[in-house]
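Okay, here we've got a single chain as structure tokens, the form predicted alone, with questions on binding and movement later.
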């Protein structure tokens, strides 16, 4: 199993290009199931979760062709409407095939999902939303079995549905399902994330009638069919944010290409509060820092507030900043597993419920640590970049799920990172 070996102490300088967003690409790939003609995508990152999704779609009968960051998907001859446990267990986003399968083919059998161990991410909101649209759904032997064969014209029916919790994948699943439903669907308390907006923009190009994406009320007027289109996946704001924190922590200067500042307002505000200089022009963001950072309080919340996917990275920043910071996690109940690994490196962190108190220390020491989830992995890389001596990070397969060519990009900026067996 691969590991990362990091020798800390190097300031990061230079420029890198941010990849297309994993969290946008996954629902967009699943949306290919809605189209009767081929879909052409670009800026699709080379990541394990992307590979898993493409393999799943291929098993269903979607014709998949990939050339670099470009992917073609032809779902004109889908033959299987099942996502098995073996395919779904490593990636919770596989649930995103449920809505499209049900909307276009009237039937779906999807395993209850797996993924990172960062807390419960229940799919009951997906199920209740589809039931509100008339679907018959039963959960047996770990599988969601859904059907619309009893409905008029065997089509989902438009409905008004209020989501008790803001859910990104739930919003995406129901929006895709509603695109081919009969009548109008109104999704209330919808997620406002840029990835939801990117999916909506592509669906509209495919022929869907969607308004309100990016607000908490999305209205979808169903159409009879959707066709393929061409689409460029939005840039990965979390990857960009991670490298921005790396620049700030190491006292470097890094220019990020294909990065949109308008998607990172909360992150940029906190970096500036910590003492970094952040400027942007067009699709370029530059971060400059002298490495002398101030502790910043963080409270995660749904977009446009501070993203939970950047919590661990700012935890790493606070470990070497001057002062004391509170980091409060409101999205996932088990997303502090990186804390004990940072403590192995000398971090001063205490936890009380969903809040961590971080007291900055003069330095971290390299150590052998273990990644527990995707963003925890990234935070340990950041800690390793500023730690004294060598840091070895085990179980980095988590990193490969969400960061394209991470060691290459860091080394291009002057870091000393090596992948070892």
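Remember, predicted model here, so these are calculated numbers, not experimental data. Residue numbers count along the first chain shown, from 1.
There is another form of the same protein, the form predicted together with a small molecule; it is not shown, and what comes next is about it.
Colleague: With heavy atoms only and a cut-off of 4.5 Å, decide whether residue 124 touches the small molecule in the predicted bound form.
Modeller: Yes.
Colleague: Evaluate residue 192 for contact with the small molecule in the predicted bound form, applying a 4.5 angstroms cut-off between non-hydrogen atoms, and reply yes or no.
Modeller: No - in the predicted bound form, heavy atoms of residue 192 and the small molecule never come within 4.5 Å of each other.
Colleague: With the partner left out here, check for me: in the predicted bound form, does some heavy atom of residue 92 sit within 4.5 Å of the small molecule?
Modeller: So residue 92 counts as contacting the small molecule.
Colleague: Does the small molecule come within 4.5 Å of any heavy atom of residue 308 in the predicted bound form?
Modeller: Flag for residue 308 set to yes.
Colleague: What stretch, of 207-215, 256-264, 165-173, 102-110, brings heavy atoms to within 4.5 Å of the small molecule in the predicted bound form?
Modeller: After filtering at 4.5 Å, what remains is 165-173.
Colleague: Report the residue, out of 26, 396, 356, 41, that has at least one non-hydrogen atom within 4.5 angstroms of the small molecule in the predicted bound form.
Modeller: Comparing distances to the small molecule in the predicted bound form, the residue within 4.5 Å is 26.
Colleague: Which pick from 87, 159, 349, 331 sits with a heavy atom within 4.5 Å of the small molecule in the predicted bound form?
Modeller: Only one option qualifies, and that one is 331.
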